[in-house]
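This text opens with one protein chain seen in two forms, each one given by itself as structure tokens under the names structure 1 and structure 2.
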Structure 1
Amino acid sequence: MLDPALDYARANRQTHLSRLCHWLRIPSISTTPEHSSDVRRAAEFAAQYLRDMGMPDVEIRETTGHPIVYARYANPQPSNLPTLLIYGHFDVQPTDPEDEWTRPPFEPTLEGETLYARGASDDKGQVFAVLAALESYLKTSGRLPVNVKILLEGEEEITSPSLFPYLRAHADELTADAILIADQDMLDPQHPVIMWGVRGNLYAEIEVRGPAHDLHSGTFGGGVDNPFNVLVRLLAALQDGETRRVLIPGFYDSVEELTDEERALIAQAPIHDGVGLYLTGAPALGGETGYPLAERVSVRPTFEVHGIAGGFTGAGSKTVIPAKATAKVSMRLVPRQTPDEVFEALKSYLHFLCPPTVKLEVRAIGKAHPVKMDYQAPAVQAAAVSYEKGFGHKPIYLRGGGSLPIVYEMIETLKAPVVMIGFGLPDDRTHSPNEKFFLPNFYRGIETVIHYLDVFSKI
């Protein structure tokens, strides 16, 4: 089964690229209501592609939001083959700022070996690599080497609000021996990565209200507390200016420290200050003192301010004391920290610091739990073997700095190990203008998944 599938994938590269481009032309932006029909079209494309390749059981299932594509393949023999649940998403980010795109975001553009389009790397291109691997088996051998379930959603870019209740309601149906997610970056075109953890996140909004309405700063300045002044003092009190440690009482009490083995594993990745400076363009790097860059961006908690609103920000001047000022902040969390506990600590500390001259409200907007996986699990090690077969190099093991709420939810609900792989690159500009996908990675990704299905069938 393996060699014919590999031969098919290599012989049909242009066909796979053409179908991927068709999918990329659908502007499936999940966050804007005007694109709801496009998200559905993207679901219909995926469902039809699965039917065309020979998947026997394919459905588009409705949710309270965008639809889910579910498919199932049960190998007729033998009955003891393992079951793999494949997860991915077909929704994409908005394209603003539009004027920074040098190519049309929904008209795939091929330049050399690079494909430019919104969704090319996140996540249509990577999902399609997995689906093309399934097609390569079904079109040559007529069957897959393992039992497969497929779950594709259209709301990942808006934190999957419909998927979480769907998982809980269909947990028995989605039971699997492992869950495969292809939505990650490699270090470079030669060196693949296996993610064995992601940070959690608490996203909050801090609102300070002062006078009943905006005031003239000449008339009332010095007589009332300016909400902006109070807000920036509160924000400054949340982080030490020298060590960059978060100053919320108890914030680090439950932080899990690395073992020597875990620290050595992270140190293998070529993530150093030179790389950080190159990728960010910053004049110098920052972050919590006492930890190398590879740990600061993956296994240490953080505090960030994302936006401050209120008052006057237009051209020219306006001497106004605003009635209110608002800040959006987030904290990346690491294992043993929980979003609820951190939120309560944040709220309590801010109310303790806040003067009686203003009113304070702290609201939680988004929450995600941190996750750490067993990188020695057989399903994960099967991915390591498959990466080496597909790319010619052993993978690097990393903990991800971002947050994937669905990973925690899947582990908690389905009680199966999650295998996190991917074929993107760090400079693919996902969520930014001119998103791209390196096509040699796309083709090698298809072959890697073909190998994975073979290796997974034997564990």
Structure 2
Amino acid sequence: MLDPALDYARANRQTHLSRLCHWLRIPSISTTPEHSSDVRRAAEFAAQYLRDMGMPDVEIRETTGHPIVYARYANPQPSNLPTLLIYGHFDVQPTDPEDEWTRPPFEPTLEGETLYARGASDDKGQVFAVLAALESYLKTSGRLPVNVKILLEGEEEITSPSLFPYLRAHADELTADAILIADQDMLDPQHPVIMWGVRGNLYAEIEVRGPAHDLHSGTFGGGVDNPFNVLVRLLAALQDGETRRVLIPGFYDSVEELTDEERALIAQAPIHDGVGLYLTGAPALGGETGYPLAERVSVRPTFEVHGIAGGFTGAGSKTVIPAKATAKVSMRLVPRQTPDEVFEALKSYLHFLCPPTVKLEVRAIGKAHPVKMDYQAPAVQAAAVSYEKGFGHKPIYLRGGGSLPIVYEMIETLKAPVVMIGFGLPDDRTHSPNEKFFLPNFYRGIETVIHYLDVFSKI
């Protein structure tokens, strides 16, 4: 079964690319209500692809938010074959700032071996690679080497609000021996990655309200506290300017220290300062003092201000004391911090700091638990073998800096190991203008998953 599938994948690269481009043309931005119908179209597109390749049982399942695509393949062979649950998402990030896109976000542009489009890397391109591997088996042998369940959602970029209850409600249906997720970067085309943990996240809004309406800063300046002035003080009080440590009382209390073995594993990753400078284009690296870059971006918690709404930001000047100012902030969390505890600590500390001249409201708008996996589990080691066959290189073991709430939820709800692989590159500009995907990784990714299904069938 293996070789015909590999041959098929190699012979059909153009067809796979072309079909992926059709998917990328659907602006399935999950966070903006105007794009709801596009998210649904992206779901229908995936379902149709699964049906076309011969998956026997494909459904679009409604949620209170965007729909879920669910498919199931029960191998006709003896039932002792293992079951793999494949997870992915077909929604994408917004495209702002629009004017920094030098190619249209939703009209895929091919330049050399690179495909530009929103979602090309995160995550349509990677999900497509997994689905194309299934197609390669089904179109050559008429069957898959294992049992497969497929679960694709349209709310990953908005922290999967519908998926979590769905998982709990369908836990019996979704039982599997392992869960495969392809939604991450390699270090470079020679360094595939196995992720053995992700950071959690607490995303919050901090709103400061002062006067009942905007005031003229000449007439009233000095008479009232400006909500923006108060807000920048509150935000500045959350992080030390020298050490960049978070100053919320108790914030580090539950942070798990690395074992020597874990620290050594992380140190093997070629995440050096030169790479960091190259990838970010920053004048200098930053972040928490006392930890190497590889740890700062993966196993240390952070605090980020993402933007502040309110007041006047147009051209020229307007002398306004705004009635309110609202910051969006987030904190990446590491084992064993929990978003609930950190949110309560944040809220308490801000209310403690806030003067009585304004009203303060702190809202959690996103929560994700940190996760650490057993990198020696057989389903994970199967990925290492498959990477070596697909890419010709052994993988690097990394802890991920981003957050995948779904990983925590799946492990907690389905009690199965999660295997995190991926075919993106660090400069793919996921979540930024001019997102792109390196096509050799796309094709090697397809072959890697073909190998994975083969190796996994024997564990």
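Numbers follow structure 1, counted from its first residue as 1. As the structure is a computational prediction, the values presented were derived from the model and not from experiment. Take the two forms, superpose them, and find the largest set of C-alpha atoms that agree within 1.5 Å; that set is the rigid core.
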{"property": "Assignment: the form predicted in complex with another copy of the chain", "result": "2"}
{"property": "C-alpha of residue 157 off by 2 Å or more between the two structures on rigid core", "result": "no"}
{"property": "Residue 112: Cα shift of 2 Å or greater between the two structures (core-aligned)", "result": "no"}
{"property": "Core-superposed comparison between the two structures, residue 100 Cα displacement 2 Å or beyond", "result": "no"}
{"property": "Rigid core superposed, the C-alpha shift at residue 228 between the two structures in Å", "result": "5.0"}
